[in-house]
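Quick heads-up: it's one chain on its own, the form predicted on its own, in structure tokens.
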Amino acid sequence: MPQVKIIAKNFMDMVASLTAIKLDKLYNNVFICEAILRSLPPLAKKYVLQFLFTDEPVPAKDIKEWVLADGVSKHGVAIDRLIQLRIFTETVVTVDRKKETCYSLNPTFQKNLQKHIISGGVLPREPMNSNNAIKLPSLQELETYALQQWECFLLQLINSGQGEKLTGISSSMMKVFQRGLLSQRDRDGPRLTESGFQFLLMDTNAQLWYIIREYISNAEERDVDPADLISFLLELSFHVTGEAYNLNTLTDVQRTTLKDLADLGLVKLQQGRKDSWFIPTKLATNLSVSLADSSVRKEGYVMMETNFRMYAYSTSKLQCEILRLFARIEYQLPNLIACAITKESLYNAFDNGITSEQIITFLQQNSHPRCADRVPSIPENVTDQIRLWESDLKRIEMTQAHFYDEFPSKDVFDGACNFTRQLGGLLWEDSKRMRLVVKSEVHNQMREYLHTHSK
């Protein structure tokens, strides 16, 4: 079976992967420095603040003394994270003929964080005056808009798997999808890949991080500096949800980025008589928060019975289509979807690259509140059977091989068996009839061995 191929990273993982030059460029922005500080583990934050007004390198052994005995592992994690982000610079100095490791704060990061803490910072743009804008949506309306945009985007992905063409999606976003979620064949519309089907069963927050990560990864193909893009996205997280910001304060690249983000529901674009503006949603203002912190459990809607029947209390077309990926929809009422998990529906899911563990995790994460409190939330006979049906497909494993027989002598046969066994390429042997099967990878070596020892 295919393994999980897509991983959701948060912003700080992407920042840590940047080159030293691009990291230093990022740290010239005071808000980036604050966002980085927010993302750090608690102990790492403490170290940064203790180093903030210290100009001399601090020996590693002195820092370790600040930690209690039971916090040594957390200390190691904090130091590793600070080094990955180039917040800490590691140097080796000689003291009394002994070499000591010392740490100092990145001077660019230190200078800007000092400035931000002492005098505060001003965003590159201020909210528009209320009298200059038309009626702004309420926070509830904005949240509804973001959810609708996200569901619309996912529905289009699902429909593309049925051969329909994607509409209303920018070319830059299409490239993001084609990097792993969609495949394009000549004269055919885009199709969902195995990773695409796996993506649909991920929780919303993980899906968002995957899209943002891929969007940043192919920024250079659009002649956009990834560091500038990360900087702008992190700046967005310091804007106020529901406030309007003038589009004229943005560069052309930033305006193009906002149009792409509007497709996903991160911002809402509005047009007035004279000005245009954007309104950040919660999805945008939470971008700098780590994946673990922002992953709040949503209320589930699925009730699973021991007879493999499933009831989903939902009016969402998206949730119905997601259930259809691994279950058979039997009927649908205005607020209820009745379906069943069958061997055939699961085989179809497995063929599309979805694994049993992903299906079980999805059911557990989306179980109805009345079921979520039970242990287990999904009946054990259901989870066991889902795993068993997947294991049915693993009973036979295809391996390219070569068959050998008619050996000139027993000694040559035994020597060939020992030779291929040492190479790890022996699949089967029949000592009585002097026959064996070896992996294709060792075929050439086997031929050379036989050519040498058969004379």
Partner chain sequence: MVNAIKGVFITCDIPMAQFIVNMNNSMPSSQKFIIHVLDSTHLFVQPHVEQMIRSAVAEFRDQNSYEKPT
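In this text, rigid core is short for the largest set of C-alphas that superpose within 1.5 Å between two forms. Owing to the predicted nature of the structure, the values given are computational and were not obtained by experimental measurement. Numbering follows the first chain given and starts at 1.
Quick note: we don't show the form predicted together with its partner chain, though the next part is all about it.
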*Would you please decide whether residue 408 lies within 4.5 angstroms of its partner chain in the predicted bound form, comparing each non-hydrogen atom pair?*
yes
*Does its partner chain come within 4.5 Å of any heavy atom of residue 313 in the predicted bound form?*
no
*Would you please decide whether residue 58 lies within 4.5 angstroms of its partner chain in the predicted bound form, comparing each non-hydrogen atom pair?*
no
_Touches its partner chain in the predicted bound form: residue 437 (any heavy atom, 4.5 Å)_ = yes
*Can you pick the stretch from 147 to 155, 212 to 220, 325 to 333, 85 to 93 whose heavy atoms fall within 4.5 Å of its partner chain in the predicted bound form?*
325 to 333
*Using heavy atoms only and a 4.5 Å cut-off, determine which of 275, 305, 225, 344 is in contact with its partner chain in the predicted bound form.*
344
*Could you tell me if all three of 398, 401 and 443 have a heavy atom no more than 4.5 Å from its partner chain in the predicted bound form?*
yes
*Would you say whether residue 255 is displaced between the shown form and the other one, judging by a C-alpha shift of 2 Å or more on the superposed rigid core?*
no
_Once the core is aligned, does residue 426 move its Cα by at least 2 Å between the shown form and the other one?_
yes
*Return yes or no for residue 141: a CA shift of at least 2 Å between the shown form and the other one, with the rigid core superposed?*
no
